[in-house]
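Coming up are structure 1 and structure 2: the same protein chain in two forms, each one given alone as structure tokens.
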Structure 1
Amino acid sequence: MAFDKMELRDIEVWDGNFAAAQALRQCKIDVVAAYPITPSTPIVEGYAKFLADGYIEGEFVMVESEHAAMSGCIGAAAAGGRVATATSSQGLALMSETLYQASGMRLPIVLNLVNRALASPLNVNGDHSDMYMVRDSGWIQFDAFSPQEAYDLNLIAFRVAEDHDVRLPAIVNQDGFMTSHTAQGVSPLSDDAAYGFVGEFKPMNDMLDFEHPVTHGVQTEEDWHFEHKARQHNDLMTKVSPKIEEVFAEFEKLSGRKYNQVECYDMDDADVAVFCLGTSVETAREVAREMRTKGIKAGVVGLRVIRPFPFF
């Protein structure tokens, strides 16, 4: 059965959720297991519509909770598939147990985390408490400041996470509502260019390789636990940053859009700076420019890669 390609315009008007859903469509994912939660719902809703409309070949699994969503993603990734999902806030909290399983099992799952405050008080809008909650879970974390970046960083996240030296899951953060529901101009790659960049999924120790059977998620006690965790931590801290640099450079060649692990704006001669994440970056840049007209040398630093925390 042939699956349709989508003709995209040079500039589309997409919100962050739809931009992420489009990126997931272009990556030809094998399994998306997901449970809806505001404000990330439209990502998987959009993905499900692409599937229903014949643009996607993969499996969409509707599960009973976020815990089950990530569990399904882990099973599918261990089986040897390209896997993604999306969630926010309380959903991520419910997933948290399985996030550690995913990183310890070295499964390259891409999770779109649409940032929303953790209750209480209940708030469907943003702070970054969900992002911070899982910062030590062993996942790579990218942060998008706009819908364009949410799209780009999804493509980049698959490339980094699935690399056989890296093999770690990755989160792509975007601000709930401020990015996820705010439509802006987004310049997407064509379906062929996007898939060409991400590439065909190359399985590693997949459970569906019947000639080399493996057991995933095994038990280790005091004899091997620290060896495994040391290896995982060492790989996260030494192999990911160089890979991100390499993928950022390749993406710039393809799209003309340059990303840095730490984004600096007007910092060369700055006396004061605002250091921030997400949509705050654009606002701070606007204010910094205004400050400069009043003689205050202001700059902005935005963190593009949150884990591993950039160090040079």
Structure 2
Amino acid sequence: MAFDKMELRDIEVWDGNFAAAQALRQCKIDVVAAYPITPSTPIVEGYAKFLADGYIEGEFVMVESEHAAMSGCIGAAAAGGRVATATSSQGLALMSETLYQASGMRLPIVLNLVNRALASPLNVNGDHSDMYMVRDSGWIQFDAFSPQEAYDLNLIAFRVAEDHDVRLPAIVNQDGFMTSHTAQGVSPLSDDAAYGFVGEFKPMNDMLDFEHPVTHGVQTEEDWHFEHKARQHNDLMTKVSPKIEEVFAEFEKLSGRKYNQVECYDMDDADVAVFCLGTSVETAREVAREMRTKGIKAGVVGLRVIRPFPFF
């Protein structure tokens, strides 16, 4: 099958964390500020190694907590940089206060969230409680079902988040250990094709331009808070779904991989359906195929975009 200017490399065997780190490398991030936490650590660790080995230019800032990590990202993004980080579970809980600052200030940061259960009891394995905890924080949220999608959705997240009609931060979710530490075949784009797709970062405005000062993140009370936060932010979110569809279509032309905001498998004639997220989508598809061999018309629905929720 031929695609317009398709530039795919050979299939690599990557886990989800390494796939995300490779995507960040190809996007030429200006600043990654991070604090390690299982199972997301290899993403920022991998990026730091790329930087230390001279494969990329940029800044890797090791901070004292996840709260400080997102605070550092906010400062770097406000200064006009392309910025990313990663976290999980309790780290996201500590970071969550600052997520509202990032979305309210319209900073297109990309956060890789490797989903892991929130304590107590302590559990380093995955569920989606951290994802749900910040579902209404004003961030765009994608969900990867596999390492391939963890790679692809990082590239897509930057394109969507940095669009001048959007300018909102984005989260790329992947299942802890089930995706992050499980190796599968991944077909990455070439470095040139990946960066060409994401494009050069163009700041919306220079927040730290002393010749043209602006104010961001100021105090507003009940008379203006709804206008500034709820109405304006909701208006922005209405522009996100069409942009996602546009970027999905462009990525399909480049890579041959088609994405939808809601992925439906064998649903045209299904009598029973499983609605799920993450790695459970691939498992459910296998079970549904087996059920069909036994005469049960089963289908699967996988949610690819969590915020804005695809109501159509």
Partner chain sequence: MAKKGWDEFEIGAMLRTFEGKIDDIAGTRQEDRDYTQNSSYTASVSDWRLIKPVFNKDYCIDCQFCWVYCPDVSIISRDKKLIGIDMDHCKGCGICVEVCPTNPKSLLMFPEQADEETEIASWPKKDEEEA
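The first residue in the sequence of structure 1 is number 1, and each one after it adds one. Take the two forms, find the largest set of C-alpha atoms that superpose within 1.5 Å, and that set is the rigid core. Quick caveat: nothing in here was measured; it's all calculated off a predicted structure.
Peer 1: Just flag whichever of structures 1 and 2 is the form predicted in complex with the partner chain.
Peer 2: It is the first structure (the form predicted in complex with the partner chain) rather than the second.
Peer 1: Comparing between structure 1 and structure 2 on the rigid core, is the C-alpha shift at His181 2 Å or larger?
Peer 2: No; that C-alpha moves by less than 2 Å between structure 1 and structure 2.
Peer 1: Does Tyr100 move appreciably between structure 1 and structure 2, meaning a CA displacement of 2 Å or more on the superposed rigid core?
Peer 2: Superposed on the core, Tyr100 moves its C-alpha less than 2 Å between structure 1 and structure 2.
Peer 1: After superposition on the rigid core, does the Cα atom of His216 shift by at least 2 Å between structure 1 and structure 2?
Peer 2: Yes.
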